[in-house]
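What follows is one chain in structure tokens, specifically the form predicted alone.
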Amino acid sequence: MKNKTLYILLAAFVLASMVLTACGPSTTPEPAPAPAETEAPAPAPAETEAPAPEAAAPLVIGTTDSWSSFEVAWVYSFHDWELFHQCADGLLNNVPGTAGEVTPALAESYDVSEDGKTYTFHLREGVVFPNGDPLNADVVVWSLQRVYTIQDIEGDNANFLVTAYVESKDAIKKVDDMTVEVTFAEPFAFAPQLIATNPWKIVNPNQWTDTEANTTNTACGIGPYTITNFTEGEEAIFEANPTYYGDAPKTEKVIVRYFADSPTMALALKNGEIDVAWKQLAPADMDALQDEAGITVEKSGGTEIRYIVWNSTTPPYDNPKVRLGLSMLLNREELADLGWQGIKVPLYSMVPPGFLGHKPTFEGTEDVEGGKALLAEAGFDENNPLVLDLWYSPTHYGDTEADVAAVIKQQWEASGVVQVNLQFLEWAAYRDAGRAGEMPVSLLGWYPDYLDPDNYTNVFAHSPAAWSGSFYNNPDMDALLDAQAAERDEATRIALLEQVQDLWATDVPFTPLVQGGLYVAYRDGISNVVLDPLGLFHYFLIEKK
């Protein structure tokens, strides 16, 4: 059994690469003795070509996650981001294995103005897309301005990571052929983390359009790999990009295989059909794999959170007392142990522990009688119970989701004043129904886009809060969220973040439930597996021997 635990929120990993060069000794054969005069000369041996070296075996990664789109300017699914992460860089990239450290990528350097708002990027010379088209300022400006265009066509989604922070579309400017200037609306301390996110990836104007969402376009951008084949629900194939400006990937070819459930994926790992089992292994399968010879299980501290979304425009959830009352009926310890089988821990704020300004304002609010009293004020009691539909997606977050929903149902119904009907949809339909306002109470999860408390607060509760299906709108919350995002003094910003969390615990736009970790299992011969808080898997670092 092998079991390794990584504490990557506290330490960065140092990655080293080795290039092995082997040369065989050169030998000269002794001449054969001259034939006797009476013998005919022996025929010359036929020329033969040396056998071609065998291609290295591909790295095969299994996942139970699902794909929804390749549209870089719009898509907001972590698995889609993970796929794009292998084949497209931004001006800045996140450093693998770190808690939010960024490094120059397509930009070799950048400058920041004295007021902290304007970033000037100096592009790398000689960089080309896989088809040979050059990278230059015109390409970068088109790619980033395209995010606004796709937002206009498709609506709000991940594009807000550009449009909500940059001053305007025209604030993305060409300075010269290899220099681009971007001016933010405020001096955001977390601007470099924003720039490293998926919507900031640079794509080729000759391979992408700005007239519609390019949902099935596998052209990607400039990255360690290119996508050479993709079949939804079956596999994605990545091959090394021979023109990549950076370090070559450790493994020439990677195949991502999709599985219907965790047990099937775990069995494939044990049988050697895949090399790595990634998101999501069920707890029982993970435990079993720890006892399997030749398999390593790694665990890492994570920044994932799980929470309840209330559609605050749908009665009775437009009443904060109902949202708070239902939240008070929950027991997070039991939910973590029974629903998530002990692989997550209770969370008492949307801002996880360790982040700037964390304040567990939901701690101590678990009070069944208090929750029943609030629901009674809204007209719900044993004689008139609140009947609600609780929605969940059965596979997107792993195989435990049905159990999680069942435990929440049991806890609410144990109060005697709530009746719950469980409803579910697969991920694509689930996501769309939530954004359409069709699910008054639903379960969602979150991996951060950038490692800052703003990404756990502002992007959720600032009006119009449409992407999650919440539609929460409170001018007081908006004012606090705006103030903390623009505040450059750390002590003042912490005080503002604490006020945000205080208001959150009374208004309850979302209810935090648990905080999770990251888990991966892989076979012997696999090395350089790096997990980090963003939850993106770095295929290009993994080496297979």
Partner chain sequence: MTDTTQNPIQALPADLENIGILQRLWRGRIWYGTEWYITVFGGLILAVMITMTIFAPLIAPYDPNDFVGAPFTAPGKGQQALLARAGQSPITDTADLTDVVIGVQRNRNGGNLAKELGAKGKRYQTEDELLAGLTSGEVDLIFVNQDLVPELLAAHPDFEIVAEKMGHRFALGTDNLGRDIVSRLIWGARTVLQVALSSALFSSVIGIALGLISGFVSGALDRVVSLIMDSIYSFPGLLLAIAMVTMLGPGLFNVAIAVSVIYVPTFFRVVRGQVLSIKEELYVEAARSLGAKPITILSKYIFPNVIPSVVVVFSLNVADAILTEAGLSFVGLGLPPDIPDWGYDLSKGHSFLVAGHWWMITFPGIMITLVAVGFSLLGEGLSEILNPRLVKN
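C-alpha atoms forming the largest set that superposes within 1.5 Å between two forms make up the rigid core. Positions refer to the first chain, counted from 1. Because the structure is a prediction, the values reported are computed rather than measured.
What comes next is about the form predicted together with the partner chain, which does not appear here.
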Quiz prompt | Answer range among 315-323, 355-363, 126-134, 409-417 for contact with the partner chain, defined in the predicted bound form as heavy atoms within 4.5 Å | solution = 409-417
Quiz prompt | Answer option from L338, V368, V95, A189, heavy atom within 4.5 Å of the partner chain in the predicted bound form | solution = L338
Practice problem: Identify which of A461, A266, L91, V351 has a heavy atom within 4.5 Å of the partner chain in the predicted bound form; exactly one of them does. | Solution: A266
Quiz prompt | is_contact(Y392, the partner chain) in the predicted bound form, heavy atom dist at most 4.5 Å | solution = yes
Exercise. Answer for G342 alone: is it within 4.5 Å of the partner chain in the predicted bound form, judged on heavy atom distances?
Key: yes
Quiz item: Going by a heavy atom distance of 4.5 Å, is Q423 a contact of the partner chain in the predicted bound form?
Solution: yes
Quiz item: Does the partner chain come within 4.5 Å of any heavy atom of A288 in the predicted bound form?
Solution: yes
Quiz item: Taking the rigid core as reference, does V127 move its C-alpha 2 Å or further between the shown form and the other one?
Solution: no
Practice problem: For K270, decide whether the Cα shift between the shown form and the other one is 2 Å or greater, given a superposition on the rigid core. | Solution: no
Self-check item: in the predicted bound form, whether the C-alpha atoms of Y430 and L536 sit closer or farther than here (change of 3 Å or more)
Solution: farther
Quiz item: Relative to the form shown here, do the C-alpha atoms of N421 and T64 sit closer together or farther apart in the predicted bound form, given a change of 3 Å or more?
Solution: farther
